[in-house]
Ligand SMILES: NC(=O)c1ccc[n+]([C@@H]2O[C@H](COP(=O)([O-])OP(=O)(O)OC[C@H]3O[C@@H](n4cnc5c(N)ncnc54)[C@H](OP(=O)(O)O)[C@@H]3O)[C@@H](O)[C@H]2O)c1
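Shown next as structure tokens: one chain only, the form predicted alone.
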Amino acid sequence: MEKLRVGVLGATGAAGLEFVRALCGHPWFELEELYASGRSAGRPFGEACTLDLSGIPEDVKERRVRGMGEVGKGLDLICSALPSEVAREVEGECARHTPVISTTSAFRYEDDVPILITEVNADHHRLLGLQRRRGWEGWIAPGPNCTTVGLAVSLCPIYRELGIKRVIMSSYQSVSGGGYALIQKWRAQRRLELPKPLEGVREPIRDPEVVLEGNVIGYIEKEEAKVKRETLKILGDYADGRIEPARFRIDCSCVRVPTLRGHFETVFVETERACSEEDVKAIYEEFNERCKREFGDLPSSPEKAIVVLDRSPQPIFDVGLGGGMSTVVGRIERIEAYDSGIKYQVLSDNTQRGAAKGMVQVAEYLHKVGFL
């Protein structure tokens, strides 16, 4: 098989680096070009990217980073990890000539744009053909917010088999979900002796002196609205060139906690049909078997889409299961607040499944079905 030529936008950032890592040595894709802002353009990638470059081959480190204005038409696929504020213009321009997969929210909520998670809603890829109405030769396929991923994957089998009336979710999100600058701030604070609890009331999310270590940040801007909207779109049904969103009620609360990697969630589900803990475990096992049949030949697919534990998942031990691509579910229990339902805890790797590696898997699927 001749490899497809791939370029990465925003290659020197945290999400861009994970695209680079996922593409190095890939059996189907060849990493051809690295693009970044003017600060990085013209410099070797190993010099321009100041993040952890472990596992990146020397020839990639030595490759010259190109400026954003140099993105050309000689590629088969573009992977975008741009900041949202610039992604819309740049991704739209690229899609005029080349297919784009993206970790950003710039196009997620457009009617002709799917939010793809391979094992959950692969059939939504049929929307991509409608984007030619925009005058594009390519298309844009974004992934979901990293918090949405674990929720959508874990809900999907329950929704399909039991039906859902309502969902309540609380997320406890790692520092890495806030980007490299937040990681650096947290690491610096871990080396300091922190003050006693601060007096007075401040809005920490807008405070440049936000304290992460030993603290919980109870608000992540725009996060909850994204999770609710995206979950209903992802679990919706594709028919006649549009997606009919799922109709169950959903609400959530999203907070930042001082862990480095992995988003942890507690989920309370009221189901349309009664179920036991064993019923849900069996449904997950059937889901895994289906995923293995349909997507097991994709290079980035995990052995199990959902790993079920008999305990609570813990980021420090479990986030890397399936190469960071498995959704980890534990503590499945009957719920007493509803006549029928279930509660569980779920862990998803925001740096892998919830970001670049998850989108590389989407690209693999699109290549398999002929959209690349």
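From 1 onward, residues are counted along the sequence shown. In this text the structure is predicted, and so the values were computed from the model without any measurement.
One more form of this protein exists, namely the form predicted in complex with the ligand; it is left out here, but the text below deals with it.
For Thr271, no non-hydrogen atom is located within 4.5 Å of the ligand in the predicted bound form, even though that partner is not displayed. In the predicted bound form, none of the heavy atoms of Pro302 sits within 4.5 Å of a heavy atom of the ligand. Under a 4.5 angstroms non-hydrogen atom cutoff, the ligand in the predicted bound form lacks Pro142 among its neighbouring residues. For Thr103, a non-hydrogen atom is located within 4.5 Å of the ligand in the predicted bound form, even though that partner is not displayed. The partner is absent here, but in the predicted bound form a heavy atom of Leu82, alone among Val267, Cys291, Val153, Leu82, sits within 4.5 Å of the ligand.
Not one of Val210, Lys222 and Cys254 places a heavy atom within 4.5 Å of the ligand in the predicted bound form. Contact with the ligand, judged by heavy atoms within 4.5 Å in the predicted bound form, is confined among 239-247, 273-281, 134-142, 179-187 to 179-187.
Along 11-27, a non-hydrogen atom within 4.5 Å of the ligand in the predicted bound form is carried by Ala11, Thr12, Gly13, Ala14, Ala15, Gly16, in order along the sequence.
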